[in-house]
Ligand code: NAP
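Shown next as structure tokens: one chain only, the form predicted alone.
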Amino acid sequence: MAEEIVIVTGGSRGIGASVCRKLAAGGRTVLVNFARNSDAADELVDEIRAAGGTAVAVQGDVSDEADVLNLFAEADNLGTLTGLVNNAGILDVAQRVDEMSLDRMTRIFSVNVIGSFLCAREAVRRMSTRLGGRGGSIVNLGSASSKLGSPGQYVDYAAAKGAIDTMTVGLALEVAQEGIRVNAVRPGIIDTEIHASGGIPDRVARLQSRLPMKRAGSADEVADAILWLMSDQASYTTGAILDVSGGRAILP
């Protein structure tokens, strides 16, 4: 039987890396996609292989169609694609909307929305039973910000993640009869490097006392939710958006 391949975009760090480790530990062959940090991707692949798993690192910017096509071609060379985790995402420095440049907004939507659509398109082309595939699972990474709006900080990012919520439901219904389940997780405040990339490296510490559970979540906690959505235990779950936010629903 051909190897069952799962692509994890933005898989070299944070939530993506945790997902890769857990998928590989469960026997999946993992394609670790990264945009720029080859050292982190190579270290993760070495770690997975040392633990007895199978992983391959592939560079690619998900907002670039040529890179996405190459990413999926690499998966085809390895085996049969049965899963996609649309994890790649970016945010920019905290700003009001009236301070944002067109370049910033274009990049935010290109990576977070268009990139997820391009990857989902290629995954469906391979996994849909209508198109000769064997089925599979897509899990999109949303954000609690899609409900909160992130005023004064990341309204563009929040809006992009709102698009992911809508995409998840629409695509799930579109391919429900084709052997593909499509779901999403909406993380809240998770202790990863993304806060530093947004110019607020101490954001977790600032917000911790205001969170319902008085702590941030971990990448592993989000990854566990993703793995459940991809598993046979979730075989009747599609179009679901699972909040992994520690109860954070109305706090800015």
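Computed from a prediction, not measured in an experiment: that's the story for all the values here. The first residue of the shown sequence is 1; numbering continues from there.
As for the form predicted together with this ligand, it is not shown, yet the points below apply to it.
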query	finding
Site test, G10, A35 and G142 vs this ligand in the model of the complex, non-hydrogen atom cutoff 4.5 Å	yes
One stretch from 147-155, 85-93, 72-80, 167-175 that, in the model of the complex, holds residues within 4.5 Å of this ligand by heavy atom	85-93
4.5 Å heavy atom contact, A223 to this ligand in the model of the complex	no
I189: touches this ligand in the model of the complex, heavy atom cutoff 4.5 angstroms	yes
V111 within 4.5 Å of this ligand in the model of the complex, heavy atoms	yes
Partner proximity in the model of the complex: R181 to this ligand, non-hydrogen atom cutoff 4.5 Å	no
